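Only one chain is given next, in C-alpha cells, and it is the form predicted on its own.
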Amino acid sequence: MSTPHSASGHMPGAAEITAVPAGAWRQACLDANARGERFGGLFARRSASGPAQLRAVFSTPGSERLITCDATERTVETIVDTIPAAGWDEREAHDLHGINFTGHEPLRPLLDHHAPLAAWTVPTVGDDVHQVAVGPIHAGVIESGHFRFHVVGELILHLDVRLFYKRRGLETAATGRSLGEGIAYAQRACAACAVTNTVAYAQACEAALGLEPDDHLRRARTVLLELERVYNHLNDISAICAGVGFAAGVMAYAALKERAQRLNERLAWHRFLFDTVAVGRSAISLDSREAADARRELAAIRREHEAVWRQLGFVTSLQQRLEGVAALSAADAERFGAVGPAARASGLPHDHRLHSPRLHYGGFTAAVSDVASGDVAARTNQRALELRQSLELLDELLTRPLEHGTVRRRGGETRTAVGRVESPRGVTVCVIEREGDRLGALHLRTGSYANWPVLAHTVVGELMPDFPLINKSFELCYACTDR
C-alpha cells in the first residue's frame, strides 16, 4: 500500500512522497505513468544504517512525485518494459548500489568499466557482421566516450555507448555539505550546463525551505538561462556544419558563439556564467547602461545569425546532407523519453519553460516547427527557431535593469524537493533531500543523460560515416554523465 504525503501543499517543486514496499515498486511506477505523470529519473541512495533506498521521479506540469522504497533484499521488479527511459537509471543503480531489477535481462554494466566486452555490449551476429570501436580517446579536445558500432559494411545495426570514464562522485561528495555549499557540486557537473544545473539545484533547495523567488530573482535567473541557451545553440549549429565539412558555416557560427561568450564575461565575469546563481538570492545585477549594452550586442548577434542562416538555406549540398538522416519519430521520442530540441524536432511540444512559475516565462509558447521530421535537418532548424525565441526573450527581459533579487516565505519546509529546468539539451531534474540545513542526498539527471540512449537508438539503420553528423545534431554533454 502506498503512503502519499506532502508537507508543503502547493509549493512548486515540493515533492509528494509515495512510499511503497519493494514488492509494490513496479506497480507504483506504472500507475504514475498510466496517470500521465512523466518519468524524470530513478536513482538509489545508501542510508547510513539501513538498506539501499530507491527513488523514482514523476511529474505533471504542476506537481512532482517521488516514489520511494527500501530495497531490503536489493531486488525490485524492473519498469523498463513499460518505461524504456529508465534503462540507464536502473543500470546505474545496479552498478553503484548492487540493486537487481528482475526482468531487466541482461542487466548490462553501465559504470563498471572492469566488465569484459561481452558483458556490456549487445551480441549482434550474422554474415559479415563486425564491430568498429571509436574512442574513448578522440582526436578532438573532448571528453572520453567509447562508441562500439556493430555494422555490416557501413550500415549500423546497433550501437553500444560507454561513457562515465571520468566519473567524479559529485553527488556523494556533496552529501553532508550545507545547502549553500552544495551548489558548487551541481555547477561543476558540466560547464556548458552550469546555469541550468545551479538554477535547478537552487529551486529544489528553496522549495524544500518553503521559499519563493521574487520577480527580480526570477528575471535574473531567466536571463542567465537564456544567455546559456544562446551560446549553446550557436555552438551546436557550428558543430552540425562541421559534421558535413561545411567550413563557412562552422566559422560563422563559431564566431557568433565567441561573441555570445564574451558578452557573458562582460555581464557576469565568466564565459560559462559560473557563480551567477546562489540559493535564496541573485548573484548578478545589471544597471541600465549594462542592460542596454547587452541588448545592442544581442541584437547584432541576431542580425548576423539571421543573415548567415538565410545563406545556409541556399547551400544545396549542405541541406541535402542533413535531410532524411537519423529521423526520430514522435512515437519513439515519447517512448524513449527524449527531451529538449531533439524531442521538439520530432513534433513533441515538451518544453519545461511552459511550466516554470519560479522563472519569468509568462506567455511563453514552445517553438515546434510545422515540419517536425525528426531528422538532422529538423534538429538543426529547431535550434534556429529557439535562437530567435531566446534572443527575443532576452531583448524583452533587458529593457530595464536587473536588480538583486531575493526570496520570501510562502509555505512550510519539507525534507525533499525537486528542481526542474529546461536546459539547451532538454529538461534537467535535480532532487535534494535535506537533513536540517545539510544535504542528505543530491541527484542530478540532465537532458544529456536522458538523450544519450535516444541517440543510440536513432543511429540504427544509418551509415557509419554519418555518425559524427548525427552525434553533433544531438550535441550531448559527456560531463553531465560524469557527475
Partner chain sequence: MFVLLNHLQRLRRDTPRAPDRRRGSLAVRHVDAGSCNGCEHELTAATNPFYDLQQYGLNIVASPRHADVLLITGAITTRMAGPLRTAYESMPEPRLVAALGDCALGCNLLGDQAELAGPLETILPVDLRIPGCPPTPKAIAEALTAALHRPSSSGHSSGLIR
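Numbering follows the first chain given and starts at 1. From a predicted model like this one, the values you see are computed outputs, not experimental measurements.
The same protein also exists as the form predicted in complex with its partner chain; that form is not shown, yet it is the one meant from here on.
A.B. asks: Just one of 84-92, 352-360, 252-260, 203-211 has residues with a heavy atom within 4.5 Å of its partner chain in the predicted bound form, so point it out.
C.D. replies: Selected range: 252-260.
A.B. asks: May I ask you to check whether E143 falls inside a 4.5 Å heavy atom distance of its partner chain in the predicted bound form?
C.D. replies: Yes, E143 lies within 4.5 Å of its partner chain in the predicted bound form.
A.B. asks: Any chance G103 has a heavy atom within 4.5 Å of its partner chain in the predicted bound form?
C.D. replies: No - in the predicted bound form, heavy atoms of G103 and its partner chain never come within 4.5 Å of each other.
A.B. asks: With a cut-off of 4.5 Å between heavy atoms, is L111 one of the residues that contacts its partner chain in the predicted bound form?
C.D. replies: Answer yes; at least one heavy atom of L111 falls within 4.5 Å of its partner chain in the predicted bound form.
A.B. asks: With the partner left out of view, is Y185 within 4.5 angstroms of its partner chain in the predicted bound form by any non-hydrogen atom?
C.D. replies: Because a heavy atom of Y185 falls inside 4.5 Å of its partner chain in the predicted bound form, the answer is yes.
A.B. asks: Thinking of S285, T406 and F467 as the candidate spot, does its partner chain come within 4.5 Å of a heavy atom on all of them in the predicted bound form?
C.D. replies: No: no residue has a heavy atom within 4.5 Å of the partner.
A.B. asks: Q311, S329, S369, T399: which sits within 4.5 Å of its partner chain in the predicted bound form by any heavy atom?
C.D. replies: Checked against the cut-off, the match is Q311.
A.B. asks: Of the residues F149, F246, W120, F364, which one places a heavy atom within 4.5 Å of its partner chain in the predicted bound form?
C.D. replies: By the 4.5 Å criterion, the partner-contacting residue is F246.
A.B. asks: So which bits of 174-204 sit within 4.5 Å of its partner chain in the predicted bound form, heavy atoms only?
C.D. replies: A184, Y185, R188, A189, C190, A191, A192, in sequence order.
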